[in-house]
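Shown next as structure tokens: one chain only, the form predicted alone.
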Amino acid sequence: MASNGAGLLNVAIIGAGPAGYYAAEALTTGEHAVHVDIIDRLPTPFGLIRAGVAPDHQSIKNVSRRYEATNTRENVRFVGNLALGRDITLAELKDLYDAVVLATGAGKDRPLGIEGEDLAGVIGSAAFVGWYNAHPDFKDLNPDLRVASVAVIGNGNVAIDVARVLAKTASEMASSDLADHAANNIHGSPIRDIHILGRRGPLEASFTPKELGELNQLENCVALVDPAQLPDASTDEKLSGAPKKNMAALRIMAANKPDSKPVRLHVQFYRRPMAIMGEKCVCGIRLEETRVEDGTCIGTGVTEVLPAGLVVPCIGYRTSPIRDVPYSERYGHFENEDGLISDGLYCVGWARRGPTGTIGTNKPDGVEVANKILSEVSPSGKEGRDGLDRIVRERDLHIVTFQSWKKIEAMETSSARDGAPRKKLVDVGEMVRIAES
């Protein structure tokens, strides 16, 4: 079927993660004549599902089956290994497609904004998670884990993921898709103390109960909380939902014995990072004790230095700017009005609203923007995918389709160790060669 024609709406989605796939699904579910090309700079689809979800949370990754179903539609195509800015410009895509949707996520770490954050041994969670999840951008990160103590900054699920992956044994991770290079480094590490540090208190923490509860089930590591940092037990009766479940998990930690297991995981509240200590590499972190008044975090002036040879800030992410696209430095995402950036240019997911919500939050977001496109944009007879294919040929670009991605996937699954779902490839060149074989 030719992709041009006055009655056909041609849409390009930049980014093959959850937000992009939910938008593609919504665009192509109804009776409209729509062709969607989902473009990603990597040869692999699924974005955050592949490279962000913790390797030991395989059940969450199953949502990718839904995205696979979207790729079976004749009017949806995955175009991998095609990078915006490197291989094609945004202006060229806008000339080819009736609408362009930015679903690029938020892949940059939010800076701590304190002294010492540029020292060796300070690694943002985007890079650290990418490293242990086999993201090609971070395969050579090679963090020095020959340390006794690690500080993980943040009171959300990413902080828990980082701490848990560092704390689990090789046998606990056997059924995961933890990158081999990370497994070798982590499981040979002498780490004995892992600290999760939050500025606010336990009632303000954004952990979800399932993730927090997992910390009480570690084989070789005991989770600990200072009972003095928890509210009076009588307050538990007033809680409900997630806060109540979280408090129950924290009460267990408060009763745990530090010497019951070889590794200790300290969940610490009311501690604000002030500076990272060290000359060339990190050796500790200066913390200020805080209190919360009327929802505001206030410093007390009382400080301490926590020894640490590795610091992993998990304090949020920012979308990478794109040339000539309005960008909010304050919020770290593209400036938009309900997903509309400018005529024919839209954004969805974290690129639209910042790194908030769960994977499922992207579904209503994608549906809303898809409906906006279907109601606002009329087919114009632009070339669409025929024009993109022409540029690919002219520039001798090596794109990866969904069918050729399945060759990469087959190689990963056939190479997996016993019990593991896959052995992820990390070299883009190798993946492209397999896709073209």
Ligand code: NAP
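Residue indices: 1-based, along the sequence shown. What you see is a predicted model, and the numbers here were worked out from it, not measured in a lab.
The next section is about a form of this same protein that is not shown, the form predicted in complex with the named molecule.
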item: Proximity to the named molecule in the model of the complex, single hit among I391, I60, A69, A410 (heavy atom within 4.5 Å); value: I60
item: Single option in G278, P355, G309, P136 placed near the named molecule in the model of the complex, where near means a heavy atom within 4.5 Å; value: P355
item: Non-hydrogen atom within 4.5 angstroms of the named molecule in the model of the complex for each of D56, T169 and A179; value: no
item: Any non-hydrogen atom of P273 within 4.5 angstroms of the named molecule in the model of the complex; value: yes
item: Contact label in the model of the complex: W350 to the named molecule, heavy atom within 4.5 Å; value: yes
item: The named molecule contact in the model of the complex: G154, any heavy atom under 4.5 Å; value: yes
item: Heavy atom of D193 within 4.5 Å of the named molecule in the model of the complex; value: no
item: One stretch from 199-207, 249-257, 336-344, 76-84 that, in the model of the complex, holds residues within 4.5 Å of the named molecule by heavy atom; value: 199-207
item: Members of 110-128 lying within 4.5 angstroms of the named molecule, judged by heavy atom, in the model of the complex; value: R110, L112
